[in-house]
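Only one chain is shown below, in structure tokens, and it's the form predicted on its own.
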């Protein structure tokens, strides 16, 4: 995932801003978490792809 996407990504549940926690990064973010503090939902980033499916739809 490109870090610049953080400027346009929003929580699909509440449309709130997301906070990024990076676990593994090369040129792009490979592993990490996008966290919505408004909903207290974490969206994992695996293999550079953010999983933005809300927990009730997983």
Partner chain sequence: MVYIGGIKKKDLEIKLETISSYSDPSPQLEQYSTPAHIAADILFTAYVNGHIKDKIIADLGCGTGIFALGSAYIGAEKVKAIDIDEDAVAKAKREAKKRSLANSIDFKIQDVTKFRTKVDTVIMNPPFGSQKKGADLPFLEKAFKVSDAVYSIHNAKTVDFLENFIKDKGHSVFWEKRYMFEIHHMFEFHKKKKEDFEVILFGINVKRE
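Residue numbers count along the first chain shown, from 1. In this text, all values refer to a predicted model and were calculated from it rather than measured experimentally.
Keep in mind the form predicted in complex with its partner chain is missing from the figure; the text below concerns it.
In the predicted complex, its partner chain sits beyond 4.5 Å of every heavy atom of residue 35. Contact annotation: residue 22 falls outside 4.5 Å of its partner chain in the predicted complex, judged by heavy atom distances.
Using a 4.5 angstroms limit between non-hydrogen atoms, residue 40 is distant from its partner chain in the predicted complex.
Using a 4.5 angstroms threshold between heavy atoms, residue 52 counts as touching its partner chain in the predicted complex.
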